[in-house]
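As structure tokens, the next two blocks hold two forms of the same chain, structure 1 and structure 2.
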Structure 1
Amino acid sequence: MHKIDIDIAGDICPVRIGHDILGELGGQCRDLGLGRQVALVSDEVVAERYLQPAAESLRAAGFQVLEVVYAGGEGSKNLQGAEGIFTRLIEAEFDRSTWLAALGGGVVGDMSGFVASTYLRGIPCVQVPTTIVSQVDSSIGGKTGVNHALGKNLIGAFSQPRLVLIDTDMLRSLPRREVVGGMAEVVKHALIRDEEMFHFLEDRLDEIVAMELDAETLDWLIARNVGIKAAVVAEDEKEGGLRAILNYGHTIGHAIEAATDYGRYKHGEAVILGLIGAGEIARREGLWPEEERRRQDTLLERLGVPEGLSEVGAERILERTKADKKRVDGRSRLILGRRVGEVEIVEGVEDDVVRSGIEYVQQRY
């Protein structure tokens, strides 16, 4: 088992990564000294496969488990969806000694974390991520939130989980589209901070997408990504500076999700499009050599670039970028590549420059 402890201003968030470790959830949580009552929150798809094994592990460790299952999906990641979870907690008379465990992908983790961070002004939360994107990205760092009709993750809070338990065996049951979307975040991590891992992805991407890596290598890959995000988060918890690099490709990606009402593209698919758009902007701005941009786009094309963006108006997407949390004084702050493994934060990017990146993706794909 890989063990990574994230130190956030003296508070330690333990992350445990391995295969076939879901059964250790109860024991790991017992060691944290958490209260007896826990709400185990999941969506309908994940619950069918993993809810009972997780609940049984918690009960065997002495916890009283309230199972909360909701529809899931980006369409329910909003205040209305969160209200249903709040209602279950209130009806069960959960008090401040209780806690919440999020079992699912990024949507479940974000929404459950938001509920935990605001219920009774905050109760503990444990994350048990089940997808690549949630294991390497959204469960790490304490960002919680829900969407608004005008933008993604605009309502939320920073609240570090008490534990993140990552069982990589869960990834082997994912459909290919889910794997591809999750791998967009892995590619992003390599592009911003890890050229060596980028080489690994170039060599073995096909094995990864087919989930044919041996268990130890898959554990290593997930742990390496967790380490990248953990190092950035530990230095900049609330995105005052460095942490913004983790949003490479996300300004345009989030705008694409919002412009299509969160229904056409999965998050990772939108990030793939956003990475390509940001790469074109960096090339036009003279930051990124053509050869480096080509390496990025070639790997993303092997991963799978979704089509159909030309059917969405460029101005509609551009307008959605204006709801981006990273804008400064009404202008975009973009993360742009310098070389594979290094990016920089560029402030004051004009709208017509952002539009050029959007239109490039539309014309090419």
Structure 2
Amino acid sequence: MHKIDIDIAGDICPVRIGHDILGELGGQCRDLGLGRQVALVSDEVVAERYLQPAAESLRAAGFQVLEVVYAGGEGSKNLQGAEGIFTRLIEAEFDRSTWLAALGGGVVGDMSGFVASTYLRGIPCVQVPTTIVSQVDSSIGGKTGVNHALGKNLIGAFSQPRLVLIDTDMLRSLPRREVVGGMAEVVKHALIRDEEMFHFLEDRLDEIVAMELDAETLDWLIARNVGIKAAVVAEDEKEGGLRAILNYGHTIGHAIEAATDYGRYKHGEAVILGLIGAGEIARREGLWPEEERRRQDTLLERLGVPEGLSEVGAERILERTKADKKRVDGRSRLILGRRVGEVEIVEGVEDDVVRSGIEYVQQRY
């Protein structure tokens, strides 16, 4: 088992990564000295496969488990969805000695984390992420929250889980599209911080996408990515500066998601398009040479670049980049590549340059 303890302003968040370790959930939680009553929250898809083993492990360790299963999906990650969970907790008379365990992808994790951070002004939360996105990204760093009709992730809190237990075996049941979307964040991690991992991905990407990687190597890959996200977050918990590099590919990616009303692309798919757009902008700005851009795009093409972006107007996408929280004085602040494994925060990128990045993606895919 890989063990990573994330130190965030002196608070330690333990992350445990391995295969076939879901059965250890109860024991690990008992060691944390958590209260006897726990709400185990999951969506219907995940619950069907993994709720019983998770609940059994908790019960075997002496916990009393309230199972909270709801429909799931991005459309459920809102205040009404959260209220549904609050209601279950109140009805079951959960007091301040209780806690919550989130079993699922980023949707379950973000919403459960938010509920835990606000129920009775905060009860502990344990994350058991079940997708690549949630194992390498959303469960690490303490960002929790829900969407509002006017925008994604607008309501939430910073709140670190007491434990993140990652069983990589659960990834084997993911649909291919979820694997690709999750791997977009893994490729992003390699591009911002880890040339060696990028090289590994160049060697083994096909096996990973087919989910045919052997268990030890998959554990290593997930742990390596947790390490990258954890290191960036530990240096900059509340996104003052460095944490922004995790948004590589996300300015254009988020704009594409918004311009298509979040219905057309998975987040990770939009990130793939955003990375390619940012790569072109970096080339135009003279930051990285053509060959680095080609190396990035070749790997992304193997992962799978969604087609049809030309049907969405470039202006419409550009407009949406202007909603980016990182914009200053009418110009964009972008994360751009220096070389594979290193990026830079670039202030004051002109709209014309951003537009040319968007158009580049549209012309090619």
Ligand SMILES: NC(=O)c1ccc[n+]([C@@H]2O[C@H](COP(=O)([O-])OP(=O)(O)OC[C@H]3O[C@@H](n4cnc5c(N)ncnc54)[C@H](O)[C@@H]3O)[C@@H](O)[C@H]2O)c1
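Throughout, rigid core stands for the largest set of C-alpha atoms superposing within 1.5 Å between the two forms. All residue numbers here follow the sequence of structure 1, with the first residue given the number 1. Just so it is clear, the model here is predicted, and its values are computed rather than measured.
Comparing the two isolated chains, structure 2 is the one taken from the form predicted in complex with the ligand; structure 1 is not. Each of the two rigid parts keeps its shape between structure 1 and structure 2, while the smaller one turns against the larger by 9°, per C-alpha superposition. In the core-aligned comparison between structure 1 and structure 2, the Cα atom of G348 sits 4.2 Å away from its counterpart.
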